[in-house]
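Presented below, as structure tokens, is a lone chain in the form predicted on its own.
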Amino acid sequence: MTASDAFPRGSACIVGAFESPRRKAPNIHPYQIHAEVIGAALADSGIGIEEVDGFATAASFPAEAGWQLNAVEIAEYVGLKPSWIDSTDLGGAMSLSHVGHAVAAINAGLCKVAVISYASSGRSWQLPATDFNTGRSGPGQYEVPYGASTISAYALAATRYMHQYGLTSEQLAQIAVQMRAYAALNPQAMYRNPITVDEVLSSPMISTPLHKLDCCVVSDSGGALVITSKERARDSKRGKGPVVLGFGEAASHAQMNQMADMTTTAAEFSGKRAFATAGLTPADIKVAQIYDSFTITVALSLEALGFCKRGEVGEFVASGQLAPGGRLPINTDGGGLSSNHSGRRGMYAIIEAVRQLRGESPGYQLDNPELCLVNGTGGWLSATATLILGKAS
């Protein structure tokens, strides 16, 4: 059996999608944001909450306010009674993973209508919260006590790649500059003023070689999706929705000391799987939403997904290929580097892909795109998930 035979390509649609306009939401509990975005996504689909029998989310980070059984707790809060539930936690890649799992569940008859949601008060959460990490016991004893952090982990990967392939800080800065060009068109983006390479390089150094403007914004926000079969979609509000054509997920490590090759990511494997299940290649993709927690995340992901050859991403970026009108416009709402990033931006990347295929992007809208790839990265370049969505038919 081939990958394309195993995944139910084109069998399910995203018929509802909504991203919270909140960017700073002090004194608003993340569960309230869950309720808001789920209600709005269902309204967008025209499907009632009583029809929802599948639910997926994860809320294990402090600013997400979850506890044990967090998916159950959120379902209770918003009034869902699912018979299929998924709380798979792949960090920033989790929402993409949930979409792939929901498609499989719908195809297997485990549910008919699945809601996927995410919400976080990443900016406004008032209680002390540690950086993402693992415990000090077990494998963590070899890394955690020495002060490793999310930013230092990504900086380590950036340093290695720059040493091995000659990527420059100026080329990395081009990614931030080009993402801001999209944010300038999005009235909901946190930061819209254009920036230059010099401004990126003169912003404070956070962890060498990554400057402040190489790092994502920190916001509050949330989003939700409604997924159902292609047949059920005909009775939804829009009568159809972007179809899920390809899906793949992969994990490589938790601790950076176990990362076999710091110059690539598990997107090599999740991307290959997604392209195989969709029956497509990178050359077929004209727009993508690539997780941009840091500029280096984008650079490594582009190569891992096959959009440029190993060691050539610097030239690819510097030549303007990611910018409006380039070969591969990405993060057309401004992405995590400029629009919003409340902790795990995979949800917002999916929503922007849906909006592109609907012709409804609040940022840079391409002329009638047929396909959109979405790639999410979780942890310390630890896990990835890749989706390929197609225009509704």
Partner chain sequence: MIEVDSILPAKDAVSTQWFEGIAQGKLLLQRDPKTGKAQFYPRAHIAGAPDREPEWFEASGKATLYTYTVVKRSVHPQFASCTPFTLAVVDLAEGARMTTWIVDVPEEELRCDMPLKVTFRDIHPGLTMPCFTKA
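Positions refer to the first chain, counted from 1. None of these values were measured; they are calculated from a predicted model.
The protein also exists as the form predicted together with its partner chain; that form is not presented, and the subsequent description refers to it.
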_in the predicted bound form, the one of 85, 276, 195, 156 near its partner chain [non-hydrogen atom within 4.5 angstroms]_ = 156
*The unique member of 236, 207, 171, 186 whose heavy atoms fall within 4.5 Å of its partner chain in the predicted bound form*: 207
*Is there any non-hydrogen atom of residue 139 lying within 4.5 Å of its partner chain in the predicted bound form?*
yes
*Would you please decide whether residue 160 lies within 4.5 angstroms of its partner chain in the predicted bound form, comparing each non-hydrogen atom pair?*
yes
*asked:* Within 4.5 Å, heavy atoms only: does residue 258 come near its partner chain in the predicted bound form?
replied: yes
*Please check if residue 152 has a heavy atom lying within 4.5 Å of any heavy atom of its partner chain in the predicted bound form.*
yes
*asked:* Using a 4.5 Å heavy atom cut-off, which of 75-83, 140-148, 221-229, 286-294 contacts its partner chain in the predicted bound form?
replied: 140-148
*Which of the residues spanning 89-126 lie within 4.5 Å of its partner chain in the predicted bound form, based on heavy atoms?*
126
